[in-house]
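Alright, two takes on the same chain below, each alone as structure tokens: structure 1 and structure 2.
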Structure 1
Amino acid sequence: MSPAPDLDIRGLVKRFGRFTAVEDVTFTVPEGSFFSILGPSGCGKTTLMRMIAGFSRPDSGDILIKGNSTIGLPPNRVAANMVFQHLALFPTMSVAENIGYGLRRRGHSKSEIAERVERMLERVDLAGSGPKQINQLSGGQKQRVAIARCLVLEPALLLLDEPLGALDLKLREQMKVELKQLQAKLGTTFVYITHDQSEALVMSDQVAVMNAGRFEQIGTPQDLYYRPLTAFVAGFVGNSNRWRGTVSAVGAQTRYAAEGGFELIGQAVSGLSVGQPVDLFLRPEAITLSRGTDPEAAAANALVGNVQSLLFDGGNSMAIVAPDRGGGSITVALPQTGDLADLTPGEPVRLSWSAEQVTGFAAASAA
């Protein structure tokens, strides 16, 4: 018999008056994994997390941690601890006192507290920092102290509510890597909520994309990025060129007439019919960009146009191209070979992409 998952959510519903914040959410988190809930502000992420932590009670459904229901338990009896965005460290206490706070509240002896705090400091790579004051720490070190304060209580789950949101960009990028490495080192199950897709994709074993109180898709970061199941996931995870269009032909491939006057050819998609409105997605990095206006660019899934503007951002640089036929513009990732480092606005270019890169979904108004 396989062990119970660390977290098992079954049909969870939470309403505030006539507004449903969480609607029929079901998922499991295996032991020792990093699970993220990704979604825009107001989608229900924090409400869901507060129910898991015991701060809020669901209207229906069940929450099981290590196979045991937590419905009705006060937060201090739920086998999960929560790290908040603003950390809530005690500024008048030392690092060691902050980490040992929960153990003191539970009545552990001074010697046991000292031993467990020192061991936890080593595990989060802060050995010898116990006597320091909180204001002597960097942002990343404070983050690790907040995590250590939770982990020293040996919870089954560590819940993290947008803990990197208050950090500057460079430190946030660094802490994404550190958190992933720390979770792998500790082996504790992390449940992480964020609106930042990069955080979710970089750190997680599994990601749930949440929208309007529901989970749109659960999968690996690669599943969500390369194989989105809904238009919302395709548009929210990663960057995409997006068009509204209609289906012009179905069969071994699906042909779309995109608004703007050009055709896209994609993979065969079940459930679509000729004339049906669709939302179409094509990622900037899936497009091949080259100089000139080769006649072959008149073929399917190829366009010619002129560079409208360049957005230089090192390895994430983009070109905005105005196609010769059709309106609007197309965003294209610049190759990292350096071959197009001298590309300038106004230059003629050709764009091409494969059918496998075109993703089409029934338009929301027609769903």
Structure 2
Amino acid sequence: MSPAPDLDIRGLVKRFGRFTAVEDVTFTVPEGSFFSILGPSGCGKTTLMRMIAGFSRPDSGDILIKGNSTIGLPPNRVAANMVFQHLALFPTMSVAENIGYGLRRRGHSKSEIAERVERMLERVDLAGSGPKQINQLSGGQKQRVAIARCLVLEPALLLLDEPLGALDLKLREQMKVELKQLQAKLGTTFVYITHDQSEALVMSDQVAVMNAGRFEQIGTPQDLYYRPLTAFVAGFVGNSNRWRGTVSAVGAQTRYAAEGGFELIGQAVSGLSVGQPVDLFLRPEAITLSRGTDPEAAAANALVGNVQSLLFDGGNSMAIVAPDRGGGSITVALPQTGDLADLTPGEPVRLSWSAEQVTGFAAASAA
């Protein structure tokens, strides 16, 4: 028998009045892994996390930490610790007192607490900062104190609620890498909440995409990016060109008539029928861009157009191309090699992409 996963969530439901904030969520997090929950603001991430930490009770479902149900346990008895969205460091205590707080609650001796706090400070690269006051720390240091304060208790599970949200962009990029390395070094299981897809993709072993209280898909970052299962995941993870359209033919390949007036050819998808409304996705970097005026004959999808504008952003530069036939515009990633760095607006270009790159999902019937 394999050991119980660190966290096992079964059919969790939470309602506020008639509003369902978390709806039938089920997942497991294996020991030592980095699990992220990614979703837009207000989708119920914090609500889910607060149930795991023991702050609120689910209306139904079960939460097992290392195989033991935590339903009904007060938060101070749940073997998971939480890093709060705004860190919630105790401003009336020094750094060392903050980290030692949990150990004091467990009744360890003073000398042992001092020693363990010092060791923890070293592990998060804050050796010697113990006597400092919280307001003397930088944003990134506070971050690490908040994590150290939990980790010193050696929890089965560390819950992090958008801990990088309050940091500026530069520091966030840096902390992303640091957090991932810290987790790998310590081997503690992390459950990480974020609405920033890049955080989730960079750090996680597994990502769950959440929308309106439900999990849309659970998978590795690569799964979510290359093999999204729903239109929401395809649209939320990474950048995409997105069209509404209808299915015009099914068979070995599926043909779509996109709203802009041009035709897209995608792979065969089971369950779609002719005339059905669909959402279509195409990643900017899946499109081959070259100079020329005649469409590429070999590719499944090919068209010609003019460069409408260029968005230079170093390695992430994009061109927006207006196709000759049909309306709308297509965003295309410029090759990283810099081959087309001298492209100018108005230039004629040709675009092509293979059938695998076009993803179509049946549009929600209500729409």
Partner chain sequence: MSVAALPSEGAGRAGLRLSLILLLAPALLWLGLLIILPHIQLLALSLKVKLGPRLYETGLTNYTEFFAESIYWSTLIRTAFISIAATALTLLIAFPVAYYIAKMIRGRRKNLLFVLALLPFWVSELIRTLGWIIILRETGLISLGLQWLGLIDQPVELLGNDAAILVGLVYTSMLFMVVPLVTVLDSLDDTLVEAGYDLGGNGFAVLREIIIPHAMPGIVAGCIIVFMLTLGNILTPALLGGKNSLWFTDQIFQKFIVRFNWEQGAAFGFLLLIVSSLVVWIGLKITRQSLASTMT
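None of the values given here were measured: they were computed from a predicted structure. Sequence positions of structure 1, starting at 1, serve as the residue numbers. Think of the rigid core as the biggest set of C-alphas that the two forms share within 1.5 Å after superposition.
Peer 1: Would you indicate whether the form predicted alone is structure 1 or structure 2?
Peer 2: Number 1 is right.
Peer 1: If you line up the core, does K132 shift 2 angstroms or more at its C-alpha between structure 1 and structure 2?
Peer 2: Moves: yes, 2 Å or greater.
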